[in-house]
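Quick heads-up: it's one chain on its own, the form predicted alone, in structure tokens.
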Amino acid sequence: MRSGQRRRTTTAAQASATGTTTRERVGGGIGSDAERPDGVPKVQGRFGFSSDAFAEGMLWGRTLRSPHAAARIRSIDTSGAEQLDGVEVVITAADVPGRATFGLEHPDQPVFASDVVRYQGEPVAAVAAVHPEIARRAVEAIAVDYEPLDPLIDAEAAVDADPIHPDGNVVRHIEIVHGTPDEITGSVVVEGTYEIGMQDQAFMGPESGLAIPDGDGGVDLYISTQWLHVDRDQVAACLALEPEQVRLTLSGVGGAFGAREDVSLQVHVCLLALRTGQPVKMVYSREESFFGHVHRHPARMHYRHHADHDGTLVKVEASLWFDGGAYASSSTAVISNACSFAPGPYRVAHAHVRGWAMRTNNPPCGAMRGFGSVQVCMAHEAQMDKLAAALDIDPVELRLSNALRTGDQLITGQRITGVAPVAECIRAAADAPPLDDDRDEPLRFPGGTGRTADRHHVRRGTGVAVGFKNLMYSEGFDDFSTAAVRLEVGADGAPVATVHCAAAEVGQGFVTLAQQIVRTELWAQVVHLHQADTAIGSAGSTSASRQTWMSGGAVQGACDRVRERLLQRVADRRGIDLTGARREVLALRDGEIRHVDDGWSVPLGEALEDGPVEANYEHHHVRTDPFDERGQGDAHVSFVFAAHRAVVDVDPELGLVRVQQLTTGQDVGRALNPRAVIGQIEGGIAQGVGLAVMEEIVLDEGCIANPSFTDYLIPTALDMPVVDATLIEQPEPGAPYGAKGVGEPPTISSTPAVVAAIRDATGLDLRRVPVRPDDIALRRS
């Protein structure tokens, strides 16, 4: 039964049990191994995730999804669901009051499919009921008459195929022409075609959210996401509301890795709440989560490398087909990255790279850790090994001789003005101490004790790979982050700082960093973090390894303003002139305002007796430019590099692989929290190992065959190799504290290093990841 608008029955504070990240007396400034403020409650199970949110009188929402990868919808009959007791409302495309489509960069995806479905799992209708089981039964009672169609599942074939979307199949085509590639041929030429499967972000907390109507036509949404303000704008457009009528608050996020950049249930749950006038909660199951978010783009890549006899790389040719699935998501930026970094971190005078991001009837793909660089790194590093073999040059020496340096030019014409310690990364990874292990230990055999690998069959291999990518957004995007800092005297008389920033904490550690910055800049040891919400300006997305630079810069800038206002307050009180060069006579050090010439000081708490001091700051990075028609331009802000050496054991008879060790040298600029950096490196390597030998969404005619963690395997702690990391610290000019983002590089080159090691152990020409047991055992036989 449908119901009309009613006044809200609860308050926002009651609605969410999540989100406080305040933890007092956790010390440590910039450069220290400061503890996470949310670490203890998370390991004790006391942290509130979005799925824990609750509101008095709330309903439960559920989504009906297409079972077909491609089909026409002949009719939708919701009467069976509406007649069930406990069902409050059933909604379809006809009930969307505003824009019928949404999208991260391009609004091409329907809120609900109405005439055709373009991928398995596409939403068709949604219900709200008094109990989640009734909502499940209601969804099953909706009758949809489909006419199945032949799905378009090959991205390369999609270039010339009939369009599956009014905007066509080509989301974006990029061509980069560098130098005079048509006039150059190397003395030695190697080529190959490589493929990468569809990887899932596999975060632990499925999509969930709680929407509460405000009684005045607006709505409050408590949600786990990566970018509050972009979600808000898409929801408001679809609901025909002004942005200020849609207020988002970040609830506890159980991992993201890019999958939460796109809207999933946000529009549905808000629309259900507004239609019923009651709070509505939605929580995806693990299986539904596989259909509810984007994945990493599968790709097919053809490469041809040219070099002189001395190993100098002279030309790279590449054609890249990235499968974006049914809708655009962030495919335009992903293919831009893939083309920009197609040759790898090497000097090359001539290049011709062509890239296509395509629509197909496969599941939609978008952002994932590494964002376009992961795919091409697997290919360009295989090519470098092939080139080394053809030239009879050591693979490490070949990479070192061509490694990018500061001042070198990329194939996009941009010169590297920041630090580029590529050679240092390679040497750190390649020269790390060899693995000292017990090769007779059964638990370390490929497959462990359960698969009976014979140690006499086990072969060891070693491989090296190098990768790089951009930091922050590119191609002219006006990127910024906003933060507010308030400094005052707390209840116990000690200074207390409060930070308000919309940066989404998804596990990367911004909550830790923000406190470190305040303790360093303002000497306030107690730092409260206001819940991230849309009441303050945007902080941008937690992606592109950007929050340390962007939101860290915003917090630092706000602290600077607070300090200056506080110093001026003390100067006014004491009649001190701070104009011009005299500004330097007062300084905030060790919790005191000091006069550097006269020697007197004022405790920070005393300086705040007249009331709090607060300031806002909006941090922008340097301007970037879009590419021209030849793919040339200063499109990127900064770059980050990493190298990996993998040691693997392989049982060729069974096709089993055990990754034993990964050594890495990573360019970090400056490690603001070394322990957190190591955590990012280990986590990124786990995803790289997973892509190399385990993780793939298996598709059958566009339909997912393994939507569970029983069939989609990810590395566990027992699968993790020994990790030996060297942090290459060379501060980046222009970056707050000289720090670079560190989350993505570990994922980029760890995968090709593992594959190179498997090639070394088996002698097989492996060109696809993940490497499956049959790729080894059957190829060998």
Partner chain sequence: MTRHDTLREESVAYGLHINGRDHAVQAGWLGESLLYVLRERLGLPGAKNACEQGECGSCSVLLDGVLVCSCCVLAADAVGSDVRTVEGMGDDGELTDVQQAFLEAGAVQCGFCIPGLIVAVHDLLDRRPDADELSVREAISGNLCRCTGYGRILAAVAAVQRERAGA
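Numbering follows the first chain given and starts at 1. Because the structure is a prediction, the values reported are computed rather than measured.
One more form of this protein exists, namely the form predicted in complex with the partner chain; it is left out here, but the text below deals with it.
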| item | value |
| --- | --- |
| 4.5 Å heavy atom contact with the partner chain in the predicted bound form for all of M204, V253 and F709 | yes |
| Residue stretch of 568 to 576, 530 to 538, 437 to 445, 392 to 400 approaching the partner chain in the predicted bound form, non-hydrogen atom distance within 4.5 Å | 437 to 445 |
| Among the candidates G27, P731, G39, G734, the residue which, in the predicted bound form, approaches the partner chain to within 4.5 Å (heavy atoms) | G39 |
| Residue among T225, S543, Q199, S329 with a heavy atom within 4.5 Å of the partner chain in the predicted bound form | Q199 |
| Interface membership of M368, the partner chain in the predicted bound form, 4.5 Å heavy atom rule | yes |
| Partner proximity in the predicted bound form: M472 to the partner chain, non-hydrogen atom cutoff 4.5 Å | no |
| Close approach of R286 to the partner chain in the predicted bound form, 4.5 Å, heavy atom | yes |
| The partner chain contact at P123 in the predicted bound form, heavy atom, 4.5 Å | no |
| Contact set, 681 to 702 vs the partner chain in the predicted bound form - heavy atom within 4.5 angstroms | E682, G683, A686, Q687, E695 |
